[in-house]
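A single chain, nothing else alongside it, follows as structure tokens in the form predicted alone.
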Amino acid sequence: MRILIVYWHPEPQSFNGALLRRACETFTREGHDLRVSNLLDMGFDPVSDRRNFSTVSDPQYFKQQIEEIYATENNGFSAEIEGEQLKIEWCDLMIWQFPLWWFGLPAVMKGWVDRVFAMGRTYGNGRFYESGVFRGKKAMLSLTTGGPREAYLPGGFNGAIDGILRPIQRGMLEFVGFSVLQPHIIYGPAHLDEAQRRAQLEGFDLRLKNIFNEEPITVGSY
């Protein structure tokens, strides 16, 4: 199977970095085709502007969606953005590996979505949700939190994790057609000891070995 991992964390030695390395080792060992967008190593700029494009629809007024449609029709995305779009079109499964920051994606990963999920190319013209461009493909969030599990339960200190992740799982992934798998969440890795961290990595390895047998979840409304 063909797998794309999109990763960002500012520290390569973080537990997110360890999860990325373990995923790469597991998928390679299992014989899958793997590509990684390591946004940290790439120095990916999250800011959208005309650099997204090699074409120009309206030189007087920048409206990103109009330029995206024009670029889709005229092979006009920059090499950087085109490369990321091709990776998404290539994969069977996409995994996003990141730390949960301020109840959402870190800025660099959110900017990757802003720039790469382009109107005309990845959605639009009635291609949304079940009719989305990427229907038939699966996606999974793999993330860490700062707080413990009980803080993310219904009625907990931060509220239910399902509600926190819904804008990402429903509003980004399902919006463009992906079927979403149960998120893989490591709660408060900074508070775990070395043996507990190793156990979490082994659990991640076991899940990834069997991930193509998993059924999508129903994201629902919260």
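The numbering used is simple: start at 1 and walk along the sequence shown. All of these numbers come straight from a predicted model, not from anything done at the bench.
From this point on, the text means the form predicted in complex with a further copy of the same chain, which you will not see here.
Only one segment in the set 86 to 94, 101 to 109, 69 to 77, 135 to 143 has any non-hydrogen atom within 4.5 angstroms of a further copy of the same chain in the predicted bound form, and it is 101 to 109. Of the heavy atoms in Pro183, none are within 4.5 Å of a further copy of the same chain in the predicted bound form.
Although the partner is absent from this view, Phe204 stays clear of a further copy of the same chain in the predicted bound form, with no non-hydrogen atom inside 4.5 angstroms. a further copy of the same chain in the predicted bound form is not approached by Leu34, whose heavy atoms all lie more than 4.5 angstroms from it.
For Met42, no non-hydrogen atom is located within 4.5 Å of a further copy of the same chain in the predicted bound form, even though that partner is not displayed.
Looking at a further copy of the same chain in the predicted bound form, residues Glu25, Tyr187 and Leu192 place no heavy atom within 4.5 Å of it.
Scanning 109 to 133 for heavy atoms within 4.5 Å of a further copy of the same chain in the predicted bound form gives Lys110, Gly111, Val113, Asp114, Phe117, Tyr123, Phe128, Tyr129 in sequence order.
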